Ligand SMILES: Cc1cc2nc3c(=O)[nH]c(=O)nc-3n(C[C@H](O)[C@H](O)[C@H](O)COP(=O)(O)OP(=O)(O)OC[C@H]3O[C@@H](n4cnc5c(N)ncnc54)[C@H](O)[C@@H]3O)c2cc1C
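Presented as structure tokens, the chain that follows is alone, the form predicted alone.
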Amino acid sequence: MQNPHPGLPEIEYIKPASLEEASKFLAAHAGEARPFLGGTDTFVRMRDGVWKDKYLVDVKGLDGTAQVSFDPEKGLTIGAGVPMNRVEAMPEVREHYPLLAEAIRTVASYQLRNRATIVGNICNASPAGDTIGACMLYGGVLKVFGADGVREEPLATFFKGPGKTNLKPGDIALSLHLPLPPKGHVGRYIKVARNKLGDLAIVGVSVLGYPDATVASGFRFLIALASVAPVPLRVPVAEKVLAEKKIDEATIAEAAQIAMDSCSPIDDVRGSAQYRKHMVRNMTRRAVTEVWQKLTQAA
């Protein structure tokens, strides 16, 4: 079978000296210029003819985008150009953000994760992004440079649809900040794909649980779903059930059913909508149960 897209189109590579220069160029060439970070999605989509940009604007290394740091009082800050493997290997990430580390390890191959970035994963706004759920549950906030200066974009309101976000022409995502997670938290990311070699998620379920004396059950659970709606999805009604009722198998099953009823997946070559919905229920039940068991063992 002949490859309809045998190679990349001709692209002009731009290496600005400053954020201001990069932002002005991107704004002046809206629709034909794109910020360039890891490039793992960019080159594939340009090769396949999905993206037809003339310019790639390399923003790696500008104003802290190549840095990652952990502050024991403020949390984790990940520069936009930091590869996933570098983040996953940090002892502070494995200790304080284990759900993020677990999600990173499911992304494609080790070799690809040497290039892929978490901020790039977020800004591509794929509903199937593996690391987005963990970043949302940890309360992630993007730092963005634009025409009006630097602003913050909480992930909770950042996604508008497949490939669509709050970013405007000239905007450059600089870093992602994750505040300190709740004490005693436990996380779990479960993903189903066509194979175990880091394929795109057919369904992804992220669950974060922690002790919380202010709710009736004594525990708070946060749930995020991937690849089952136009945007990465939180399930607040299911989270409320787990906060207000005694945690047992029946309550977990009720929350899992709510998660299933809350999503709106599509049929595609990787799985039917019906299959995805049933997998959401099963995987949510399994993830919440595993988190619940670890929380009670630690209590």
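No experiment lies behind these values; they were computed from the predicted model shown. Numbers for residues come from their place in the sequence shown, where the first is 1.
If you look for the form predicted in complex with the named molecule, you will not find it shown, but the lines that follow are about it.
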(request) Place the named molecule on the shown form using its pose in the model of the complex and a superposition of the nearby C-alphas, then give a one-word verdict, open or blocked, with blocked set at 3+ atoms within 2.4 Å of backbone or C-beta. (result) open
(message) in the model of the complex, does each of 133, 155 and 178 have a heavy atom within 4.5 Å of the named molecule?
(response) no
(request) Select from the listed residues 77, 166, 85, 106 the one whose heavy atoms reach within 4.5 Å of the named molecule in the model of the complex. (result) 106
(message) Just to confirm, with a 4.5 Å cut-off on non-hydrogen atoms, which of 224, 173, 101, 202 contacts the named molecule in the model of the complex?
(response) 173
(request) Among 125-133, 209-217, 91-99, 146-154, mark the stretch whose residues have heavy atoms within 4.5 Å of the named molecule in the model of the complex. (result) 125-133
(message) Taking any heavy atom pair closer than or equal to 4.5 Å as contact, tell me whether residue 116 reaches the named molecule in the model of the complex.
(response) yes
(message) Does any part of residue 41 reach within 4.5 Å of the named molecule in the model of the complex? Heavy atoms only, please.
(response) yes
(message) Please tell me whether any heavy atom belonging to residue 51 falls inside 4.5 Å of a heavy atom of the named molecule, as the geometry stands in the model of the complex.
(response) yes
(request) Give a yes or no for residue 35: in the model of the complex, does one of its heavy atoms lie within 4.5 Å of a heavy atom belonging to the named molecule? (result) yes
(request) For the stretch 55-70, return the residues whose heavy atoms include at least one within 4.5 Å of the named molecule in the model of the complex, in the order they occur. (result) 59
